[in-house]
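One chain follows as structure tokens, the form predicted on its own.
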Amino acid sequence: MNDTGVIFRREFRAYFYSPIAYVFSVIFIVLNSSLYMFHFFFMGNADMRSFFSTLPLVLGLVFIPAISMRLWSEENKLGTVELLLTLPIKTEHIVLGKYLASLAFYLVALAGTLTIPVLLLILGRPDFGPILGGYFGSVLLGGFFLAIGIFISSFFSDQIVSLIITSLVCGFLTLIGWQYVPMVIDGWIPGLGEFMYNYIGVTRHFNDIERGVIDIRSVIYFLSFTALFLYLNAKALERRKF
């Protein structure tokens, strides 16, 4: 695991050398906080349901694709991926190091929104069960989207292409978890929309956790798909050695 730590430190430091990472982090924090504060002052509810309801779209369409697009695309563009893969480090450890670095950066950005529950505690008496559940679900959701992003990034040398495709995939997984989208699909192919809603859609599983009731099936959903995409990423890179 020392190899994973080396890759982790290398990639994590790289985020703080890039102004783009700072820009997207500020946008992520300001956008989510602004949308929530508008709802808070308009509705007057001392909870974070509106914050977590918009989070999957913000993460899937903007933030996660932005911080994952460079993980392998930059290596491909600079031609350093072959050198990296020839090092005496297991491919799985390289993938895990890059993934954990991006996850750590995401957690730093997510921590920037903790001012919201602090504000709620000052202004009212919020129920912290759903808030804790929401943040736990946000970690699982972000980890899943990052696994998709790093997998897609390994196929391209252009970061913008990686960003766009990751946005499309994560956006699709988010929308398919909204009930009315599967209903439309069922109108075309009966049963397909319901199947995708129950087993593929991200939002449904995120909402189950965000309500404060931890459903083990939703946790397994996020962890298993995250592990799957990391495994596929490692196997795709292994093929380049031959």
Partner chain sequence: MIELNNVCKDYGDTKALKNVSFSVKKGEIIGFVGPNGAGKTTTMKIITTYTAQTSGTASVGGYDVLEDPLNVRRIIGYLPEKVPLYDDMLVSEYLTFIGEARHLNGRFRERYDWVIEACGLESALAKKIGVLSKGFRQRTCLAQALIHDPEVLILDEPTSGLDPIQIIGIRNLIRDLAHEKTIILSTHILPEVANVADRILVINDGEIVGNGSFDELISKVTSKGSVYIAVRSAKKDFETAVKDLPGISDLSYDSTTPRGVVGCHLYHNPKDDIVAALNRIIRDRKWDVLEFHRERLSLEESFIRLTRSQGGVS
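As the structure is a computational prediction, the values presented were derived from the model and not from experiment. Numbering follows the first chain given and starts at 1.
Form predicted in complex with its partner chain: not shown, discussed below.
Using a 4.5 Å cutoff between non-hydrogen atoms, residue 165 does not count as a contact of its partner chain in the predicted bound form. By the criterion of a heavy atom within 4.5 Å, residue 6 is counted among the residues contacting its partner chain in the predicted bound form. For residue 240, a non-hydrogen atom is located within 4.5 Å of its partner chain in the predicted bound form, even though that partner is not displayed. Contact between residue 115 and its partner chain in the predicted bound form is not found at the 4.5 Å heavy atom cutoff. The single contact residue among 121, 104, 87, 139, judged by any heavy atom lying within 4.5 Å of its partner chain in the predicted bound form, is 87. Screening 130-138, 88-96, 147-155, 105-113 for residues having heavy atoms within 4.5 Å of its partner chain in the predicted bound form returns a single hit, 88-96. Contacts between stretch 120-134 and its partner chain, counted in the predicted bound form as any heavy atom lying within 4.5 Å, involve no residue at all.
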